[in-house]
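First structure 1, then structure 2: two forms of the same chain, each alone, as structure tokens.
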Structure 1
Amino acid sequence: MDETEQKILDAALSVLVSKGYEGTTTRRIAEAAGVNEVTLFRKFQSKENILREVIIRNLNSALALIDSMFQMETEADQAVSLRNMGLDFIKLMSERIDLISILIEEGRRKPEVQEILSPATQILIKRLSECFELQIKNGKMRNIDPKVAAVTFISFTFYICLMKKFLEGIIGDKEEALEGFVDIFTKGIIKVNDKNLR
């Protein structure tokens, strides 16, 4: 991976998130990279190769971060752990939401995009649900479906990143919203030792 190739990939990502999938032309990538258009084709043969490389690198770096993110300190308060996890995840997500949004939409019609996105999504859910499963085994959470809990957590954080612009003025900033969510989420999943309620 020489310097020129790196410049091209960086430029391709920045054009992709600012102009969208179909708005990402080889002319724009070349201009943003400060190289001649023909250099793109000498290095990567086709535009498709460039975009695939950009997508795979970005998703892999995200997955690497996620692997170390979903761990709940066993001694700490669950709400605090969840809030910390949520903050980290929201940060990771909001830094990539433009790309992810493009991938989800393009993946609906392009199998080659789907093939990259599908395993990433599944690993994400799997990691978090394993984390929840451990909490259940340790008696820290009641016997809910850990996968559904994981999807609940991910879907909320994903949604507030995706809809950020529309949510301004409705709910507060991401931190406030996350706090409210964790409140709702925990009071359901924390094992209630006193069973005599209701």
Structure 2
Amino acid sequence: MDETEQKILDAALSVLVSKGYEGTTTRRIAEAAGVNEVTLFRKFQSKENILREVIIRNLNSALALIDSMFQMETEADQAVSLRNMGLDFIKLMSERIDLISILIEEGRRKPEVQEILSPATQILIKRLSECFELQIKNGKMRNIDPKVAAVTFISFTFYICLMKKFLEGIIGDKEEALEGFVDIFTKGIIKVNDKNLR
């Protein structure tokens, strides 16, 4: 990616967060990037292509976090690994929560946004599911539905970022909330005393 393309994508992200999808015009993106619209269209052809590239860049950051979990040592503590990945996810999502919220809201109303956002979400869930499948195969996780586990994990980290202002003082800071979540995620909530229940 050349410097001009990088400037256009950075500008698109900034305009999208401040103006929403509807208010993000190619003219505004070009002005924010310091290029003319002709250059913008030559590089990306449409606003939808720019949005697609913005999503792919952010998706790749999230996938890199999941890939790091694939590299876990077999003797690594699963709870520690999940906590570390969760903290990285929360940091990543916190930095992009405005963008994610706008895309989700716009995706409900605009099929073109949904078409771009849906595959990215599916890729993220698929990759984390594969990671959990590997952990099941290696005996590090019990036999559960890895897709449900992936959606649960992603949903929690997203919700913590989305609701941080409302949850302050209720469940502590994001790190404390994640500690509690990882404990519940890895151990469940039911106290098992009876061997027949295991």
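This is a predicted model, so every value here is computed, not measured. Heads up, when I say rigid core I mean the largest set of C-alphas that superpose within 1.5 Å between the two forms. FYI, numbering is relative to structure 1, first residue = 1.
Inset, instruction - Pick out the form predicted on its own: structure 1 or structure 2. - result: Structure 2.
Legend entry - Residue shift check between structures 1 and 2, rigid core fit, residue 10 Cα at least 2 Å: After core superposition, the C-alpha of residue 10 moves 2 Å or more between structures 1 and 2.
Inset, instruction - Determine whether the C-alpha of residue 180 shifts by 2 Å or more between structures 1 and 2 once the rigid core is superposed. - result: No, its C-alpha moves less than 2 Å.
Legend entry - Inter-form CA displacement between structures 1 and 2 at residue 43 - rigid core frame, Å: Here the C-alpha difference is 9.6 Å.
Inset, instruction - Using the rigid core as the frame, report the C-alpha movement of residue 60 between structures 1 and 2, one decimal, in Å. - result: Looking at the C-alpha of residue 60 between structures 1 and 2, the offset is 5.5 Å.
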